[in-house]
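Shown below, as structure tokens, is a lone chain in the form predicted on its own; questions about how it binds or moves come after it.
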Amino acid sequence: MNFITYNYRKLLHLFFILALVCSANPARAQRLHIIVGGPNFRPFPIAAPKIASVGKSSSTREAAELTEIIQQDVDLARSLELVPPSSYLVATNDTWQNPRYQNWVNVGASALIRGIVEKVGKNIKVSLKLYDVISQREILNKVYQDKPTKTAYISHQFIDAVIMLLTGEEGIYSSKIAYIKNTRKAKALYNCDADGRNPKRITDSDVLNLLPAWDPTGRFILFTSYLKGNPDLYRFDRSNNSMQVISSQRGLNTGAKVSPDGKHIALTLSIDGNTEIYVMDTNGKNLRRLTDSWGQDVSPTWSPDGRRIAFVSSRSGNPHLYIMNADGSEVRRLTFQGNYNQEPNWSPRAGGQIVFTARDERLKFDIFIVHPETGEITRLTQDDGDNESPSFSPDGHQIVFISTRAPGSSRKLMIMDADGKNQRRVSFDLAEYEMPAWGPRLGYQ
């Protein structure tokens, strides 16, 4: 956020506070209920100063980690907005249990996160509070006790609790993102937290693996692997770290997506040489062919109610998005603009739109969103390198994608709001990232 934008928002905030005071209506001083993405939506401004280390044993390192992660979580969440820490006023009589509310109102905050951390044996005890600085009251109080290495999960739990309190919706910080990362010899399957922390390699680093996808429970990650030479479909079981082949048809076994009810898998096969869309049960049995065209039919994605499937087809000459019923009937073309549309991903929200990648007239790849009923298209990225492989968050409010924007030109993980705002990088090493898939909420581990 630049200085001018921040001060403009600060002026709006002060105007809002003045309106509350002048109304003299007690009901107006109650906490706002945020409807994320609604016509009057704006992120809720929260200040998050340093977490204090208390007690006889030092927990300075954990306090610094908690401060950094909480500030980043507030900054990344679509429903929240971090008031810049550089603007905070220093007051000696402002404590974590007795904040000087007017100081925080003056910097544009509507709420304030304060907390302390202390050592308790081999664990840490973290006490966190959320204050409504307008009504001048505490509205959330949480205490966590865990290992010192769990500062990220403590921070994620608290910010998800804040989001639930303010919006009535679950947050995204108990979810994970699966992705493909280049290794020295091949491409391996990884996953990480929703903010890019805690990356973990799942498959061997010397095998080519592609196109991960989650099942609705989060127990399984499906992906294509050349482990035995042919591009077969595998399922990784997170409960016991095992892998199982579920489709090894002749040719391609790729682009698998599990239906919202968890009963079926839509995927791309090339059994007879041409790529077509098929559906099978999640155990790999009861295979049914859904498409039959001379063009290439690939990349299926389920509608939120599981009744329809969007996919990419070149049957009109160039790759475009199409929609059909889940039994393959009533196929219709959805996109008519451009000449290279690919990688559709349907929002999990009821009535949600379909995000996809398209190549524009300058041969640059960017991300767009299309309404499945009207076909109206909105551009989400532009003039920032190539942007590809979008995947919706479990609440449908955000999108993870790959971008080659500076610094450097390698592909990195990025997250943006579903309207294209607040584009943030969440991977910072030198490796190449590809094909992210945002999974369901898994709980805090």
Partner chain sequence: MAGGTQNHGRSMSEINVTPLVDVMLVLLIIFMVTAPLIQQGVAVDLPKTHAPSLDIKADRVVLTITREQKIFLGEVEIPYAQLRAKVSNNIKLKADREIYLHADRALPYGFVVDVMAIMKDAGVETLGMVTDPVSVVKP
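Numbering follows the first chain given and starts at 1. Keep in mind it's a predicted model, so treat the numbers as computed, not measured.
Separately, the form predicted together with its partner chain exists; it is not shown, and the next lines address it.
Colleague: Which single stretch, out of 91-99, 308-316, 347-355, 326-334, brings residue heavy atoms within 4.5 Å of its partner chain in the predicted bound form?
Modeller: Residues of 91-99 come within 4.5 Å of the partner.
Colleague: I'd like to know whether residue 260 contacts its partner chain in the predicted bound form, with contact meaning heavy atoms within 4.5 angstroms.
Modeller: Although its partner chain is absent here, residue 260 would stay clear of it in the predicted bound form, with no heavy atoms inside 4.5 Å.
Colleague: Please tell me whether any heavy atom belonging to residue 105 falls inside 4.5 Å of a heavy atom of its partner chain, as the geometry stands in the predicted bound form.
Modeller: Contact check for residue 105: yes, within 4.5 Å of its partner chain in the predicted bound form.
Colleague: For residue 206, is any heavy atom within 4.5 Å of its partner chain in the predicted bound form, or not?
Modeller: Because no heavy atom of residue 206 falls inside 4.5 Å of its partner chain in the predicted bound form, the answer is no.
Colleague: Any of the heavy atoms of residue 374 lying within 4.5 Å of its partner chain in the predicted bound form?
Modeller: No.
Colleague: Should the three residues 81, 86 and 361 be counted as contacting its partner chain in the predicted bound form, with contact defined as a heavy atom within 4.5 Å for each?
Modeller: Verified in the predicted bound form; spot residues all in contact, yes.
Colleague: Could you check which residue among 45, 396, 49, 420 gets a heavy atom within 4.5 Å of its partner chain in the predicted bound form?
Modeller: Contact residue from the list: 45.
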